[in-house]
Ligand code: DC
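One chain comes next, on its own, written as structure tokens: the form predicted alone.
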């Protein structure tokens, strides 16, 4: 039996996580946030005092580190890092870690194994439809206006400055779309869904309707 995979990609603040969770719940599938996996590796790198730019050391750690992402919980080497991986230090380091080709190769292997073990899932990230699961049943590219994306991200952090958040989003967009290994792109055959004026339920409705 071929695993049922719904691939959802898009930039920061587009609504990937919340929409993916909603779609997974409706379809009775498990949900995987692949961005949390890269953040988990970045967390481990910082915890061990490794330079995120040390390609070989980071790749070796990525291959060895026990990493479990379940729903919104991220456990790294037995430590609950759910909150820590969303902190500013990890947010700065993760772009460099995620651009490491060997790290990406290891995470892709783990992501494919995750789906096989569960018989499918709703998988979200930045290269899911283009690299990890190019033959997914449905490939979605979520997007939203820069203003909406910045407002969403700022609302997630108390006291966050929207201007600073917008600048960080632009930095992440540039890093994600220009890296050599698996850049953020609209995958071939992906359907673009703009969530700027949609609630989570409305966006999930749109995706569910595509599945018939």
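Quick caveat: nothing in here was measured; it's all calculated off a predicted structure. Positions refer to the first chain, counted from 1.
Just so it is clear, the following notes concern the form predicted together with ligand DC, a form of the same protein that is not shown.
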Candidate spot 35, 104 and 127, all three touching ligand DC in the model of the complex (heavy atom, 4.5 Å): yes
Stretch from 144 to 152, 49 to 57, 65 to 73, 36 to 44 whose residues place a heavy atom within 4.5 Å of ligand DC in the model of the complex: 36 to 44
Residue 176, heavy atom within 4.5 angstroms of ligand DC in the model of the complex: yes
Residue 82, heavy atom within 4.5 angstroms of ligand DC in the model of the complex: no
Ligand DC contact in the model of the complex: residue 118, any heavy atom under 4.5 Å: no
4.5 angstroms heavy atom contact with ligand DC in the model of the complex for residue 136: no
Contact set, 82 to 110 vs ligand DC in the model of the complex - heavy atom within 4.5 angstroms: 86, 94, 95, 98, 104
